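Shown below, as structure tokens, is a lone chain in the form predicted on its own; questions about how it binds or moves come after it.
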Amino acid sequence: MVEEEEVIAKKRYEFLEDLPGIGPATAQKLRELGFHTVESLAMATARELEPAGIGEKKALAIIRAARSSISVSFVRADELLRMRENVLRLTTGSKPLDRLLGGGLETQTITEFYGEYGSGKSQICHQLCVNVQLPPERGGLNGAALYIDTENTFRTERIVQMARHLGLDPEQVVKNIIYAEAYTSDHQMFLLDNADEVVKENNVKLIIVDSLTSHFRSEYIGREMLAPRQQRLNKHMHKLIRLARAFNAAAVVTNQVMAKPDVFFGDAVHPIGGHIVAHTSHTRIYLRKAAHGPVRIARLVSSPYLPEGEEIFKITENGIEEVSEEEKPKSRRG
């Protein structure tokens, strides 16, 4: 028995059917539940496999085999430090903004951009869809983007503008963006739950949900609906982080804001989603407009290891760009 487990631990599984205990019928049921790859099973819980007719003991064995295949286990901190070298960085297109983020957006984490309408959230998402296709020496990840749109804000014309400015072939850039519009919160969750195969087959290195909370906010109305809304948001975001970690991709969500009229000092604008979204997003950035023009202010609100801070950038027809000395607000010059 011990020898059999050692063989399982050393084996590399490519398809669900390769895993011990999974036949064609069970594999089909798992795919219907949203588990299309070995990586997605490695991040699952035994309870999540129950609807496929798999008992707890068998489910744990399957998950253990899947995890052994992709090396999900306890590690020492020094090993973790070496593993962190696999974390990649994606440029925003603005050096000051990249500096604020410690060198760009991290893979294997969720970066949240929140702000009022017109603050530049979707524009940044468009720019990241182009930037992720750049080679590493230019700040990209040589990968594709997966874009889940909940507010019908995605525009291919904008992608073409940004691609041309970076000297990329617009037709090829558009081909490397896999797009889906989510019509309800259930549809939004379904799209992400079934995205693992798409991510793997298309070398997706950027997963965007724009916006995360729009449907949840409009469908779960009233205090009595707050608990079920938060539970579903929690499940949705944990699926996102599992995908990001399994495929070493950057995950980005945008978030709407609400005003708190009872706040008399400081900023009365707060992101939707409460503690669930706050704790699951690793890096949170608050975007707001400057007094006038295309200039935007990005404030790093929270990060596991980066200090709070602010930087400015601008949104032009070329995309996200740095602000010249002349364009900076007077208080920031020099």
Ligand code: GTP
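All values reported here derive from a predicted model rather than from experimental measurement. In this text, residue numbers run from 1 along the sequence as written.
Separately, the form predicted in complex with the ligand exists; it is not shown, and the next lines address it.
- Contact with the ligand in the predicted bound form, defined as a heavy atom within 4.5 Å, holds for exactly one of 103, 118, 228, 135, namely 118.
- A heavy atom within 4.5 Å of the ligand in the predicted bound form is found for exactly one of 197, 151, 193, 98: 151.
- Here the chain stands alone, but in the predicted bound form its contact with the ligand, taken as any heavy atom within 4.5 Å, falls in 153-161 among 153-161, 173-181, 201-209, 219-227.
- In the predicted bound form, the ligand stays beyond 4.5 Å of every heavy atom belonging to residue 92.
- Proximity of residue 188 to the ligand in the predicted bound form: non-hydrogen atoms within 4.5 Å are absent; the residue sits far from the partner.
- Contact between residue 312 and the ligand in the predicted bound form is not found at the 4.5 Å heavy atom cutoff.
- The closest non-hydrogen atom of residue 36 lies beyond 4.5 Å of the ligand in the predicted bound form.
- Residues are counted as partner-facing when one of their heavy atoms sits within 4.5 Å of the ligand in the predicted bound form; in 309-324 these are 315, 316, 317, in sequence order.
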